[in-house]
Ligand SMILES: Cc1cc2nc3c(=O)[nH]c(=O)nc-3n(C[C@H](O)[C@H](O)[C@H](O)COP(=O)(O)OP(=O)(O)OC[C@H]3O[C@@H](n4cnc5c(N)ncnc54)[C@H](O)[C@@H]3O)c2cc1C
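Just the one chain here, the form predicted alone, laid out as C-alpha cells.
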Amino acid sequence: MFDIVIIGAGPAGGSAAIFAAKAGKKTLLIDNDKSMTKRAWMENHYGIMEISGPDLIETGKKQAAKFGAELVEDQVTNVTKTEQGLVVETAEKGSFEAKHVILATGAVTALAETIGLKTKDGTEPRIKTIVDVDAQGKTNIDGIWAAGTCAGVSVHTIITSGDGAKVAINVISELNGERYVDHDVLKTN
C-alpha cells in the first residue's frame, strides 16, 4: 500500500510527489502525459531564467524519483474508498492501494466527477469546473485531496507548484500526526 498516490505529474502533482517522497512516504506518481504545461514556455519562475514546459515536467519527475517516488505512465479511471483506504484504478497497469490520494489533474475534472467529488464553477479564464476543496486541499471524500488548477488555484505553474507542495505537506502532517516542515540547510566545509 502506498502512503500517497498522486494523479498528474504537472507542476502541482510533481511538486507534491517531491515533498511526499522526500518526507519518506511511499509515493506513487501516475501521469497520462497530457499536461497543458507541455505546451508552455516560462520566463516568470523565480530562480529560473527560462524553461520549457516539457523540461519543467521532466525535471520534476526526476526530482521525485531521486527521493524515491515511483512513476507510472497510465490513465487513472477511478478511485474508490475501501475499509483499508483507497484503490486507484488505471486503464492498463491495474490498481494501486493508497492511504491518501492527491488529485492534480490540471484543467481536467472528469476523473473527479467519476469519483464523486464535489465540484463548482471555476474562476480562472477557460477553467469551467474545479474540485471543491477546503483551505487544506481536502475534498468531500476522506483521504482524497486536490491541488493545483483542478483545485481552483491560478493556472500559473509557479503557483500550482506551490499548491501541490502545500497539499502534500498537509497530507504528510496528517500521516505523521504533527505538522511537517522540510527545510534543508547549506552544508559547510
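As the structure is a prediction and not an experimental result, all values here were calculated from the model. In this text, residue numbers run from 1 along the sequence as written.
Although it is not shown, the form predicted in complex with the ligand is what the next lines describe.
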{"query": "Candidate from 33, 134, 142, 121 lying within 4.5 Å of the ligand in the model of the complex - any heavy atom", "finding": "33"}
{"query": "Residue 74: touches the ligand in the model of the complex, heavy atom cutoff 4.5 angstroms", "finding": "yes"}
{"query": "Residue 12 within 4.5 Å of the ligand in the model of the complex, heavy atoms", "finding": "yes"}
{"query": "The ligand contact in the model of the complex: residue 27, any heavy atom under 4.5 Å", "finding": "no"}
{"query": "is_contact(residue 42, the ligand) in the model of the complex, heavy atom dist at most 4.5 Å", "finding": "yes"}
{"query": "Stretch 124-157 - residues with a heavy atom within 4.5 Å of the ligand in the model of the complex", "finding": "148, 149, 155, 156, 157"}
